[in-house]
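Read the single chain below, which is given as structure tokens and is the form predicted alone.
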């Protein structure tokens, strides 16, 4: 029985998982408790054996992560080569399920809108933003033109006032 001391020898597969597998595999067979415990211990030992061998293969190939290929090589080297075809089928099923999960969790997939439609909408938004930017630039340009015209008018007006003022001064000098 597993305890929570943290020792590697105490690691086991949960009994509920083994019981479920036994019931699914042998639905009409009664299995004694000590036989169930033996199956748990055998499964645990098998997993330790395969994972240790896969780890050695991984280290020899100077890798840091055990890959499915390392596990398959471990099965072969330990004399379990007859399981390799089934292992490869299960591996392919796992990859397929993982791919479906990734696709299902994708935000684009959850929207229910085809990618082409999303791309079209994106292009429309870009065009609209460019149009708004151009209109804003046009408004700024017009405002600058108006300010420049007003400045020219003010300068012309000031110049005219100065000229009118200086001609009045000359008229006054003539009067003296």
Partner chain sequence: MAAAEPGVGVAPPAEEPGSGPLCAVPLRLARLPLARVKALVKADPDVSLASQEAVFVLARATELFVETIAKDAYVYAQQGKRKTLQRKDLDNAIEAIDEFAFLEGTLD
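Numbering follows the first chain given and starts at 1. Every value quoted in this text rests on a predicted model; they were computed, and no experiment measured them.
One more form of this protein should be noted, the form predicted together with its partner chain, which is absent from this view; the next part is about it.
Contact between residue 68 and its partner chain in the predicted bound form is found at the 4.5 Å heavy atom cutoff. Residue contact with its partner chain in the predicted bound form: residue 126 places no heavy atom within 4.5 Å of it. Remark: residue 102 counts among the residues lining its partner chain in the predicted bound form, judged by a heavy atom distance of 4.5 Å or less.
With a 4.5 Å cutoff on heavy atoms, residue 55 counts as touching its partner chain in the predicted bound form. Taking a 4.5 Å heavy atom cutoff to its partner chain in the predicted bound form, the contact residue among 147, 137, 118, 38 is 38. Note on the partner interface in the predicted bound form: the residue among 142, 26, 113, 151 having a heavy atom within 4.5 angstroms of its partner chain is 26. Annotation for 39 to 60: interface residues with its partner chain in the predicted bound form are 39, 41, 42, 43, 44, 45, 46, 47, 48, 49, 50, 51, 52, 55, 59 [heavy atom within 4.5 Å].
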